[in-house]
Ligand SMILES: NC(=O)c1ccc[n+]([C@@H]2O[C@H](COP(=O)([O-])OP(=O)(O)OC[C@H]3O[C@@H](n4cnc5c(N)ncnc54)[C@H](O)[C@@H]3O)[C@@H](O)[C@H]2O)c1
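One chain comes next, on its own, written out as structure tokens in the form predicted alone.
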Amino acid sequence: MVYRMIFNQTAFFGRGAIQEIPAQAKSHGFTKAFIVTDPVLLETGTVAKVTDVLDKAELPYEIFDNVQPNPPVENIQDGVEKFKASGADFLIGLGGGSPQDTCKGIGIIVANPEFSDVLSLEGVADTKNPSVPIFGVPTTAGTASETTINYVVTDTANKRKFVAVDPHDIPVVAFVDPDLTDSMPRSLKVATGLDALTHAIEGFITPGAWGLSDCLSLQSIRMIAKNLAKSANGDVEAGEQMAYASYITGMAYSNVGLGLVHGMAHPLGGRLNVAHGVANGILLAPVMEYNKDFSGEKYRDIADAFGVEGAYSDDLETVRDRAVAAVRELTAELGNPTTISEVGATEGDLEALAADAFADVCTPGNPRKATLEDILGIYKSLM
């Protein structure tokens, strides 16, 4: 078996990490940035924290702040045209998953114009050229888009989300600066934190996992179990640890894949516009329950990460149940919805949701082979 791991060329971590952007731009020979972000980050002053650094260094930039949540195809196409007109030679993806995913789509299509329809990038994208260089600057602690080879796009015409997997889209430099994640509202800390936990657990139990990815995934689970609730309740130091945990698990799952939680969460976003982390939070414990007999000894490690007593001494079935319970309890403590009816799903939606989930690129990465009937049954149980 041969394993492939792809990481950023360079990454900076810690408060003030964004101060390194001008020097990195200069070292790469870049002369003008095209900043991809969203209106909320512009209005709240988060974008200004980055542009102030660029202004001080006299590094020109242009801002594209039209990114929508669950970014649609048209959003990326608009960004492509704006980038071409800007005269910029590198991109800064500034935000959570939506701005950074949009940034990746822009960079890939500018470098590979034959994919300008965006839809043809679905799955393992057959691009030939590396993206326009990207600097990834996260403002949430969940998606880890700044270090992954994936991005998610919404096909609004068909009410679905799809994943593009492409090593050509990974940012050349990442800047994980907790000063940018401190200001997240509690609801966003919860949603993005549950997204990170889902990445860590799915990346840990997927059949493609191996020694190096396991090190990253398990450490992330430990960090998130210890810090997520504290971060949500305003603990700044815990929030800093969540920013790092998100990146660490991104290094793993980007390379080994995800599973059924993501496969089922994407349709909730595509059809019902449910925030991705919220959807993951609803699904994580139930899908862990579904997978528990196909997880080997790994639920012992998950249980131990959550502080479950007897994780390595009690019988495996009991420990697996306790691992699932620990995740379920954390989700409830955080106040995330626990049913899909709470986020707008009706009985009439279930068959279409199940069909989309069955076809999702993440679903085959699940440790238990899921049938269409299995997926429909899980959705029904969450009504």
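Heads up: residue numbers just count along the shown sequence, starting at 1. This is a predicted model, so every value here is computed, not measured.
Note that the form predicted in complex with the named molecule isn't included here; everything after this is about it.
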Partner contact check in the predicted complex: of 226-234, 122-130, 89-97, 282-290, the stretch with a heavy atom within 4.5 Å of the named molecule is 89-97
Each of 140, 152 and 185 near the named molecule in the predicted complex, meaning some heavy atom within 4.5 Å?
yes
**Asked** Can you check whether residue 319 is within 4.5 Å of the named molecule in the predicted complex, heavy atom basis?
**Response** no
TODO: Mark residue 355 yes when one of its heavy atoms lies within 4.5 Å of a heavy atom of the named molecule in the predicted complex, and no otherwise.
DONE: no
Is there a non-hydrogen atom of residue 190 within 4.5 angstroms of a non-hydrogen atom of the named molecule in the predicted complex?
no
Tell me, yes or no, whether residue 101 is in contact with the named molecule in the predicted complex, where a contact means a heavy atom of each within 4.5 Å. yes
In this chain shown alone, the residue from 75, 206, 181, 217 with a heavy atom within 4.5 Å of the named molecule in the predicted complex is 181
In this chain shown alone, the residue from 107, 239, 263, 71 with a heavy atom within 4.5 Å of the named molecule in the predicted complex is 71
Across 20-53, the residues having a non-hydrogen atom within 4.5 Å of the named molecule in the predicted complex turn out to be 38, 40, 41
